[in-house]
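There is one chain below, alone, in structure tokens, taken in the form predicted alone.
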Amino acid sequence: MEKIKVIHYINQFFAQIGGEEEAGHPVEFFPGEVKGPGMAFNQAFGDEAEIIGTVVCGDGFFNENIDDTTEKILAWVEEQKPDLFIAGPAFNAGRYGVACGTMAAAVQEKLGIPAVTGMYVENPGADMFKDKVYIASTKNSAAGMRDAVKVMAPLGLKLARGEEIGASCQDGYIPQGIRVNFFEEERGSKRAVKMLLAKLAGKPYTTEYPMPAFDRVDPQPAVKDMAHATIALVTSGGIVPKGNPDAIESSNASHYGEYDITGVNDLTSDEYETAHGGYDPTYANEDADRVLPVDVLRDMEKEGKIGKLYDKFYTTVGNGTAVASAKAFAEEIGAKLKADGVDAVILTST
């Protein structure tokens, strides 16, 4: 029996080229070569499939050149005529997840070749592509590589063979929001009683209707004396000093910036711009105060409506940024503001 042919997509880190310092590594194709986690996939495939080539691209390069890079990879894949395309797994790496999801969806949609990838459920790529391609549910770091391959390899083989895919709980992929009618072995009342007894006994059980989990943040009491309050500005709109000195990514930011605005009354186009890649930057670049209203807060400061504008602002890019990353940024920024006696924060978006 002829083996199923597979093309594998990975980033610069898993290709052992380098870490963040090599995120700008341009896209390359290595026909006939197996790299990084591809070796684990080949082992898991056994005699059924084999990787016939590996595509490697830096996460930063892909996300900054999405259209051109996608077209280039599609041309390589079409030329090789594989039976399956595998991307990643990306775990919780947001830019990598976006790249894997983009390529898996493009290969499937434009070339008609089945594709599978793998991500942690909080990866922004998972939300973007879970209804378009099968995304194996993985742990949040590469420590879960072995488990990820165990799910992705058989799922990919089923797709390549055209076999029916089971429920997400059976085949290990992130739920796609699709409901399908089927017959259970036991009627609902019997299953419900079993779950109740397990719950009462403190034993594990799996609900058939998981509820979404939402963060709930208790509102803080109102500021009693605004005329003497210190107000800080924080934004996910990507406003940065000209030239983006800290190289905050335009998508899936891995860090935030802290910038001094002591004596700054207006964010002029000569000194400030946006690094954000998720909206038209024209108006923000013309006048960054449209996103981060330093000018208005300075006027309020002069008029005595607020005590003072905090002498620093914090900024990052919300476009595709992982929820876990955003929470980490908020905890660090919040601790700094609290330590400096800031009374309230104005958080702006795009």
Partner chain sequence: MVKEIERAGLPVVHDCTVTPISLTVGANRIVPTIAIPHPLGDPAQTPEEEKKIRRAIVEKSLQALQTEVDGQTVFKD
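Residue numbers count along the first chain shown, from 1. Fair warning: this is a prediction, and the values are worked out from it, not measured in the lab. For the two forms, the rigid core is made up of the largest set of C-alpha atoms that agree within 1.5 Å on superposition.
Separately, the form predicted together with its partner chain exists; it is not shown, and the next lines address it.
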**OP:** Mind telling me which stretch in 127-135, 148-156, 184-192, 198-206 gets its heavy atoms within 4.5 Å of its partner chain in the predicted complex?
**Re:** 127-135
Subject >> Every residue of 18, 71 and 260 near its partner chain in the predicted complex, heavy atom within 4.5 Å >> reply: no
Original post:
Using heavy atoms and a 4.5 Å limit, would one call residue 55 a contact residue for its partner chain in the predicted complex?
Top reply: no
Original post:
Applying a 4.5 Å heavy atom distance criterion, does residue 303 contact its partner chain in the predicted complex?
Top reply: yes
Original post:
Do residue 283 and its partner chain share at least one heavy atom pair within 4.5 Å in the predicted complex?
Top reply: yes
Subject >> Distance check, residue 220 to its partner chain in the predicted complex, heavy atom within 4.5 Å >> reply: yes
Subject >> its partner chain in the predicted complex - contacting residues of 274-296, heavy atom within 4.5 Å >> reply: 279, 280, 283, 284, 287, 289, 290, 291, 293, 295, 296
Original post:
For residue 298, is the CA shift between the shown form and the other one at least 2 Å following rigid-core superposition?
Top reply: yes
**OP:** Note yes or no: does the Cα of residue 14 move by 2 Å or more between the shown form and the other one after the core is superposed?
**Re:** no
Subject >> Rigid core superposition, residue 111 Cα moves 2 angstroms or more between the shown form and the other one >> reply: no
Original post:
Any idea whether residue 19 and residue 256 get closer or farther by CA distance in the predicted complex, knowing it moves 3 angstroms or more?
Top reply: farther
Original post:
residue 117 to residue 325, Cα distance in the predicted complex relative to here: closer or farther, by 3 Å or more?
Top reply: farther
